[in-house]
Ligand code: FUL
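As structure tokens, one chain now follows by itself in the form predicted alone.
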């Protein structure tokens, strides 16, 4: 295959593209629901439940329902803050490992209906559903298969219980943009571990929620990135081989989850989950340990900037509201993104319909840049294996850096450099490569990506 060269000159600017042959889709390809999910990029996780009030991370399932009693739950406040942070949705822990249901489920006696909160008449999922609708946010749910409270856990009957719970929340509170299955599998109240019927669970989700992407270690739609640090691999394929692997302890090695499989058979992109605090649930002693806007920006570069999504956990406190320490950090994070990416030094969207084409744009004098954004049209498959970025000044290469995969979005940062041109050289690809977007920026030096 011919080497494909994209020449993008930032001043007296000429874009030229030489494509070896017509651009055709290369499998594996994303489904429509995966393509829609890829537009989300950044959304919030909300860990909330009895652990909020007991200072635990993993509840034991023996906590009395009365412990759950937020003094001033306000899901509209969650959504206002999510919107102000530029997040596009919220995923809530409808049921964590302790088995407590944040909705009045017909299939459990360990729910908000048995709590003191609102005299047992409250429904967190309904309040969040209403708030998301009001603020134009998408809603997702985390439903832990592990249940340390339910008496049927560890028996065949529990798979029926879990199926009924999935049906219940999809029918009452859907549609959801994402459904989250945690891989944890421990003992229940009867001392037994559950054999989950995941093929049945997947079939059900495809029937009752065909537009909802499902997350787990091995998908079927989105994979865990292999860590809880919010960081994708510098090489990050949207492909994964799942044959022979199971969810939880039987999943692929973490380094494989982090980078994907270059020749994987299934389109299962990575999602980067991380908490804004050291823990996943709210603990007052962590108020001073909330990640700074600058740290969140770094994580954005290492998640969204490496072709993944960024799922940031922001746990409400015991009042049922997002704490001011967290909201301040989120608003600061949005400000940094706006300041960095609202005004590119140069940008270009590329047409994908022609085998050979060129683009020209004149933008004036030599510019200072330290950040480049690239995108592939993933609806046609992920293609680029390796590339280089050359910064040019009067025809000479003044800075060069290497990269591997691009995917949905790749953001590269480098020392501030004066350049009148940028050359992107595709060194190797799975098929004739094409970019859908290029942009160059000058961002605050302290925000440059750090290893």
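Positions refer to the first chain, counted from 1. Owing to the predicted nature of the structure, the values given are computational and were not obtained by experimental measurement.
Below, we turn to the form predicted in complex with this ligand, even though it does not appear here.
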Non-hydrogen atoms within 4.5 angstroms of this ligand in the predicted bound form: do 300, 336 and 445 all have one?
no
Only one of 323-331, 365-373, 119-127, 178-186 has residues with a heavy atom within 4.5 Å of this ligand in the predicted bound form, and that stretch is 178-186
This ligand contact in the predicted bound form: residue 98, any heavy atom under 4.5 Å:
no
Does residue 197 reach this ligand in the predicted bound form, with heavy atoms at most 4.5 Å apart?
no
Decide whether residue 53 counts as a contact residue for this ligand in the predicted bound form under a heavy atom distance cut-off of 4.5 Å.
no
Heavy atom to heavy atom, is residue 47 within 4.5 Å of this ligand in the predicted bound form?
yes
Using heavy atoms only and a 4.5 Å cut-off, determine which of 273, 221, 317, 286 is in contact with this ligand in the predicted bound form.
273
Heavy atom within 4.5 Å of this ligand in the predicted bound form, from candidates 280, 239, 350, 201, belongs to 280
Between 226-247 and this ligand in the predicted bound form, list the residues on our side with a heavy atom within 4.5 Å.
228
